[in-house]
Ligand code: C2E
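Below, in structure tokens: the form predicted on its own, a single chain.
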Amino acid sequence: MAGFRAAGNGAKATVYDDTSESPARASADDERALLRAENDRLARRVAELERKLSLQPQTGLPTRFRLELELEELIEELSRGDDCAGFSLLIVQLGDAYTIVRKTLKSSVSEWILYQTGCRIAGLLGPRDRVFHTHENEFVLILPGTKGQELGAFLRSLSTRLSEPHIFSGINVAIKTATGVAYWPEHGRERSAILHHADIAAGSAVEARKSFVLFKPELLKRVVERVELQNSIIRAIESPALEKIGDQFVMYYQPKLFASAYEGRTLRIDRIEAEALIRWKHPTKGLLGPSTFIPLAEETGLILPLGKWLIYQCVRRLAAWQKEGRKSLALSVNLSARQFHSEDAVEVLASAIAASGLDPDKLTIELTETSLFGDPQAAAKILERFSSLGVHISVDDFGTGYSSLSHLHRFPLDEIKIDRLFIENLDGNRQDRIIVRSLVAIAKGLGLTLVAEGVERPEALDILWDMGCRGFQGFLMAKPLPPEEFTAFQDKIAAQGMVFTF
């Protein structure tokens, strides 16, 4: 519709068409278009973020974000219905071998292991089951209606399938797993409770070196006791108590026997050494072994002051034995991974040796395999510094990690100790015998001293001797002993003409 506006004072009339778009309306439409474009961009961004939050890039499996959402929905659904079967929640954790692979090999290898692990798990699941990749080395499974014997059969199949080697070009990697299991609703009706209890069970499986553990209330009690023990060790090693640390912590010594002949039940002993083992005289719980409190000291960082005290105690003890005339006696002291990689570990040992006047040739530093092979290049530099002090280097628990052999020749080592896991069932486990025989051959080939840990039965000693092992440590010879009992043990063997009979 056309219109006009009269113009006064002789001005011309202005004619306009009101069907045309005014500037104001055009501006509003542009703004709406911009808003729609921005909303579309934000929607795409949100969708992309949700996708990233929902799927792990290595495996393509749903993440913990999706787990919590779906678990909440499942619990609500089951709580409203009449289905009393519930579900089982499994937390599967990859073992230390995966961590070593991730640190030592190309990232493509560890990513391939994760992908293969996800595929292997998915291949065992039924149509209603779900699997989530919640952390780098952790998977969570939800199995509706699967409990009891059916679950037991599934867990055995899962353990077998996941322990199969991952084979690459020139690489063969076997990853052990530990699985914690909790039932809904028996072990908790809330999402947080069922996850927490399955996690506790998984931690128990790791500690016990079992393939899987089902949650039970006793495990929760054990966790509470662990927290209480952690608080106790903090109080025992906190600054005001450091001067009196010897009131609660004491040293025991377990003999290591090296033999040249073996007949009947008699060993002809070449030399006797000792491994220093710390004990905690807890005010209420009595004498505690290192496996009880050393992990707690690691977690709290208190392993550093405790480890420093241990080094000084061992150096002083060995120096005292040398002054008593026990010149041939050698002593091993354990360093934790955290202590080994600390900035002042070498300086602490050097200071202790200088202060005591010790002959360092009789002192051996024992390190766990994982301490060395997690970062081989850094470990090699630290080992060179220790070796320059004149001490010997031993690898404890050897054979349990991965890729150890490929790095072994790089380190200035003097001794390897075969992990007790391979010794316990040596006479009944063919695979253990194959591994131990290989380790004996490796030690001989590299000119290293070899010690078998955990020798508790004559049958194991017989097999080890036939394989060529000549160093033994375990309850068959002696348990860890207080200082006076250890020297009495040494004197008794010397008095018998360096013969040990069991």
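Throughout, rigid core stands for the largest set of C-alpha atoms superposing within 1.5 Å between the two forms. The first residue of the sequence shown is number 1, and the count goes up from there. Just so it is clear, the structure is predicted and the values come from calculations on it, not from any experiment.
There is also a form predicted together with the ligand; it is not shown, and the following applies to it.
- This chain is displayed without the ligand, yet in the predicted complex the stretch 276 to 284 from 322 to 330, 376 to 384, 276 to 284, 95 to 103 comes within 4.5 Å of it by heavy atoms.
- When the ligand is considered in the predicted complex, only one residue from Ser204, Thr179, Thr146, Gln339 comes within 4.5 Å through any heavy atom, namely Gln339.
- Only one of the listed residues (Arg130, Arg420, His392, Arg191) places a non-hydrogen atom within 4.5 angstroms of the ligand in the predicted complex, and that residue is Arg420.
- In the predicted complex, Glu366 approaches the ligand with a heavy atom inside 4.5 Å.
- Of the heavy atoms in Asp396, some are within 4.5 Å of the ligand in the predicted complex.
- At a distance threshold of 4.5 angstroms between non-hydrogen atoms, Ala443 is out of contact with the ligand in the predicted complex.
- With a 4.5 Å cutoff on heavy atoms, Asn334 counts as touching the ligand in the predicted complex.
- Contact check for Pro57, Gly60 and Ala122: none of the three has a heavy atom within 4.5 Å of the ligand in the predicted complex.
- Residues in 113 to 128 all lack a heavy atom within 4.5 Å of the ligand in the predicted complex.
- For Met477, a C-alpha deviation of 2 angstroms or more is recorded between this form and the one not shown after rigid-core alignment.
- Core-superposed comparison between this form and the one not shown: the Cα of Gly454 travels 2 Å or more.
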